[in-house]
Each structure stands twice: as C-alpha cells, then as structure tokens.
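This document starts with one chain, in the form predicted alone, laid out as structure tokens.
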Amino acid sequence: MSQPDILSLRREMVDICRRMNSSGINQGTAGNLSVRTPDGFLVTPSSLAYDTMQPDDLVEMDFQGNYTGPRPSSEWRFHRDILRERTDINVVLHCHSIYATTLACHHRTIPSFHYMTGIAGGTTIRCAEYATFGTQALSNNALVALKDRTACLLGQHGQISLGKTLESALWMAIEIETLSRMYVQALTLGEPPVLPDDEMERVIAQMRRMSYGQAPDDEGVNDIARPRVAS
C-alpha cells in the first residue's frame, strides 16, 4: 500500500470516527476503531476527541504490540487479536451505544426476536462475559462471543462490530444499536417470541445471497425481478 493510499485510509478513518459521534452511537472520547494494513493495523489513539483528531494522530501497530505515534487506545489488544484471528474482516469498531450498552449491562444476548438479528451471521448476537477494559481477558472474551459472528455485546461495557470495510463496520454498529433499541422496547411488553432456528437459517442464507446481488429466492415465476429490456 503506497503512502497516498495510507493517507487516504487515515482520512477515511477520521471521517468514520466523526460519523460514529454524529450518528449517535458514540460520544466524547469513548469507543475506538482499527483497520488492517499490509504491515499490521491502524488504531485510534488514547483519550483524543474525534472532533479534534487528525489523520496523523492515528497509531500504526504490528501484531506483536509495537506501535509508532501517540499512545494507542487502551483497547488495542482486542483490535490486534480480532484482526489477527479473523482474516475475513479488516475493520474493528467499538462503541458505547446507549441501547446496546443497556443490554450489555444486563449481560443480555440478543435472541432472534426479529429476523434482522441474522445480520451478524447467526441466530443470536452474543454478549461477552465482563472483564476489565483494556485487558487480555476482555480480548479473550470478545473472541469467544464473536465466533462465527460479525458483532457482539461486551458485558457491562458496549458493543463491537466488524466489517470488511470501514463503511460496512459503521453500518453494522448502527444496525446493532437499532436492534438493541427494538429489543429493549419489545421487552416492556414481556419477553418477545423468538423465530425458530430453521427459519433463521433461511433468513441468513437469503441475506448472504442478496449480498452478492442475487434475487431473494427462486420461488414462483411471475414474482422474479428482471432488468427491463430496451425496445
């Protein structure tokens, strides 16, 4: 990756950080963000507000924990470990969004009360066991909760969302917060019914097909969308 490409990546990271705050999923100096690079990853610095952050403030790290630049986020361990273990993703986004954190404070796993729970790749969005922030124990717990998933809650802490790109990780984090809000509100009427696993398997398979631009299904004949043919 050339220097112009790295600079462009740094600028995009700063933009995503600011959008985390403007979207309402983050506030103050809470939360952090990392993205894979050819030699390791870039991660946000410790205790620097996003509205004053500049591209040069982002910290270069390798997978041994060495860094260049200002002091990295206190959560650099789970950024390193997730990026090292999960070669299917390139971005780790962590935030303290209100409703996801509300559920995390009760160690609530989000069940398949709504079909969109499947966006994270499974029938649930797990909540990791609590561990002190910035510790290896927290990183270990996050890896367990993220197995075969692209998002999880962190017990009494917040949420983590993953993506292949910075945009997709931000989208995932906003969707997890939206699902969390719906679940908190549904709980005011009692524990909601849960979709069965076989239905969620169909939902997840359909989501995967549609992510590749394919039609939702091949049932029927007249209900399949087709491109218009010019006359």
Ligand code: 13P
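Keep in mind the model is a prediction, meaning the values are calculated, not measured. One rule holds for the numbers: they count along the sequence shown, beginning at 1.
Just so it is clear, the following notes concern the form predicted in complex with this ligand, a form of the same protein that is not shown.
Participant: Only one of 198-206, 58-66, 178-186, 41-49 has heavy atoms within 4.5 Å of this ligand in the model of the complex; I'd like to know which.
Facilitator: The contacting stretch is 41-49.
Participant: Taking 73, 96 and 133 together, does each of them reach this ligand in the model of the complex with some heavy atom inside 4.5 Å?
Facilitator: Per the other structure, all of 73, 96 and 133 touch this ligand.
Participant: Test of understanding: in the model of the complex, would residue 29 fall inside 4.5 Å of this ligand by heavy atoms?
Facilitator: Taking the distances in the model of the complex, the answer for residue 29 is yes, it comes within 4.5 Å of this ligand.
Participant: Between 163-195 and this ligand in the model of the complex, list the residues on our side with a heavy atom within 4.5 Å.
Facilitator: Residues within 4.5 Å: none in this stretch.
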